[in-house]
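A lone chain, given as structure tokens: the form predicted alone.
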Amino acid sequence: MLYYPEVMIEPVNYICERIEALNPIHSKKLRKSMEFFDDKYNELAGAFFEKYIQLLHAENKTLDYAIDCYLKMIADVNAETLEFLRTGKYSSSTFDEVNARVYASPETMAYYMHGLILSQFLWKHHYQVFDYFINTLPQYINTTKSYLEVGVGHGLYLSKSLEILDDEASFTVVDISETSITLAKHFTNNSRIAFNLRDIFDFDNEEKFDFITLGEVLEHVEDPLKLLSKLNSLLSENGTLFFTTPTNAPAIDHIYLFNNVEEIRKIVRQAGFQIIGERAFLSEEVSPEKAEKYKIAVLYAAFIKKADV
């Protein structure tokens, strides 16, 4: 495991201690999550932060920079949550709004993306979804010759897919964010990946992929059904799509509100898919019924395929 040179302690411990000093209230939630994590988490988190700290140093940044980014993101989430509970809707409803507010702002995108990177191993439900993905993906090694990731984010899922899938598989990435693609390139550093800074709707439907990953993208678009339908056309006949999306999760760039998991399932069916495996991870220690009643975020993940006709 790589240790953070300035403090010589494990990165996760350093992050938690630093956040405890800067934001004691939020620190209590993180400490609660830490009680859940096991040896497997420690192994995955260690490998992740070894890569991530190297990325930071390559950009002349420190782990303290990433922690500051994370706390800025938390402040955004808290403000968005208050507005959401007051109005019952997200503060933005169109792509143009979030593009002007977030995606077109390099400064905002930088702190937002680095904040999200830390959340992957600080938030219990984010880690649980990642664990579900890497535990299930090996089932598709023999059937995946072409892999597509739409909305690559920070590149964590892509990097694990490169490790798990066959060496002969081709990898394609598409994202509208130059910041995301740059981060993913640094994080994966692999010439096997074809990166595309473009809109997925520009892809030719004749191009087919055996496995598609769509991690927390549906909530960022105005019409999730249209996006899922497009991906159905890009999926090979026996291919598999893995996607995640949250319910009741206000954020500065979330547009489409899913009120509950059943609303997500309905859109999946309307897009011509059937669910072959699914999980729902609660962001707080409450029952699913209370989560829906009090609008507490649930992170939904599913493996789906084309519906039988």
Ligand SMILES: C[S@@+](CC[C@H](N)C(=O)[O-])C[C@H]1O[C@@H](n2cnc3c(N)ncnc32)[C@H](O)[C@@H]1O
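Numbering starts at 1 and runs along the sequence shown. Keep in mind it's a predicted model, so treat the numbers as computed, not measured.
What follows is about the form predicted in complex with this ligand, which we do not show.
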*Have a look at 176-184, 231-239, 134-142, 83-91 and name the one stretch with heavy atoms inside 4.5 Å of this ligand in the predicted bound form.*
176-184
*Could you check which residue among Y111, F195, W123, F95 gets a heavy atom within 4.5 Å of this ligand in the predicted bound form?*
F95
*asked:* Just to confirm, with a 4.5 Å cut-off on non-hydrogen atoms, which of L118, L165, V217, I212 contacts this ligand in the predicted bound form?
replied: V217
_Residue contact check: P224 to this ligand in the predicted bound form, 4.5 Å heavy atom_ = no
_this ligand contact in the predicted bound form: Y157, any heavy atom under 4.5 Å_ = yes
*Is V152 close to this ligand in the predicted bound form, meaning a heavy atom pair under 4.5 Å apart or at it?*
yes
*For D199, is any heavy atom within 4.5 Å of this ligand in the predicted bound form, or not?*
yes
